[in-house]
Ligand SMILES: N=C(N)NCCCC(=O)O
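Consider the single chain below, provided in structure tokens and representing the form predicted on its own.
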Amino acid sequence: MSSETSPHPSGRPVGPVDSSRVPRYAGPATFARLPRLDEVGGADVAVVGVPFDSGVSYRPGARFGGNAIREASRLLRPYNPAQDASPFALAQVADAGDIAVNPFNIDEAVETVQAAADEILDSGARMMTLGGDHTIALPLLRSVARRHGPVALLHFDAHLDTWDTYFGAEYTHGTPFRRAVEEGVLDTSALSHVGTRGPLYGKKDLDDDEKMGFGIVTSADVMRRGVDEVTDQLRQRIGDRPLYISIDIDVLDPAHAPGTGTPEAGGLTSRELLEILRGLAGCRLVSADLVEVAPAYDHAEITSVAASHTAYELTTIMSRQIAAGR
């Protein structure tokens, strides 16, 4: 199998399959056609799937999101002009496959994700996780905080996800960030929601969220103030803290991401999301997740394509920082 970046005795990263020799639609659908982790023995950035959606409150199907993103990522190319970087040449990025979790027991699934994330992070890799529903953000944050201490959080989402329980359940896709605050895995001086919008259960939702330390940049704020001003505000709030980014694809308007479980009108465009992420390239991104892609509701892979490009930008940021730190 040939690659854009060939194996090298000096340890040069192994890159994607060469699309001039193997058509993009042929061969295994790893993320960006990168090697599997077992093919390279180790990675600086591990792309990991978590096919789990037992924590959803409306439409299921996000368990199929990771593989849909991988399929859409066949069109990604090795040079990222927006960040002037070839991420797969700067660091070893590999597809670590899926974390197999129990679909019938949320508590056990949360424990399994955390244990698998601990193993990957202990190897020295950063994680780019493809969900799955947003429940998985909690065990991922626990694992990242175990390594880095409480982390800054940028949470891109239509919804707050800081509710207390659903039907008495503490672990759902609407509760991960309340649990994370309660458990002390977040740096409460550097928490922000981005892209929130839509109806709430009551004003108390916002009051509780503010008490937890979250700042809010709504989708309307992005529209009125513009990407550059919003991104500058986020950078100032994060500072030099270790940063975790969690992205629910429903932060995008349903016109840009119909394939999701709880769509809300009035969201970001895919261009706005990508530009905000590019503006965060100087932040210390330690890991990230991208969740809630539900391909059964998608059209012409619109959502999966947007998600694959979003994961590509996040991976590029991490690869650049890894290379700069060597």
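Computed from a predicted model, the values in this text were never measured in an experiment. In case it trips you up, residue 1 is the first one in the sequence shown, and so on.
The discussion below concerns the form predicted together with the ligand, not included here.
Student: Tell me which of 102 to 110, 184 to 192, 154 to 162, 237 to 245 has residues with heavy atoms within 4.5 angstroms of the ligand in the predicted bound form?
Tutor: It is the stretch 154 to 162.
Student: What I'd like checked is whether R33, S73 and D95 together line the ligand in the predicted bound form, meaning each has a non-hydrogen atom within 4.5 Å of it.
Tutor: No, the whole trio is out of contact, none within 4.5 Å by any heavy atom.
Student: Is G174 part of the interface with the ligand in the predicted bound form - any heavy atom within 4.5 Å?
Tutor: Close contact exists here: in the predicted bound form, G174 approaches the ligand to within 4.5 Å, heavy atoms only.
Student: Any chance N67 has a heavy atom within 4.5 Å of the ligand in the predicted bound form?
Tutor: Output for N67 is no: heavy atoms all beyond 4.5 Å of the ligand.
Student: Please run the contact check for T269 against the ligand in the predicted bound form: heavy atoms, 4.5 angstroms, yes or no?
Tutor: Contact with the ligand, no.
Student: Spell out, yes or no, whether the shortest heavy atom distance between S54 and the ligand in the predicted bound form is within 4.5 Å.
Tutor: Heavy-atom contact with the ligand at 4.5 Å: absent for S54.
Student: Can you tell me which residues in 260 to 274 come within 4.5 angstroms of the ligand in the predicted bound form, by heavy atoms?
Tutor: Result: T262 alone.
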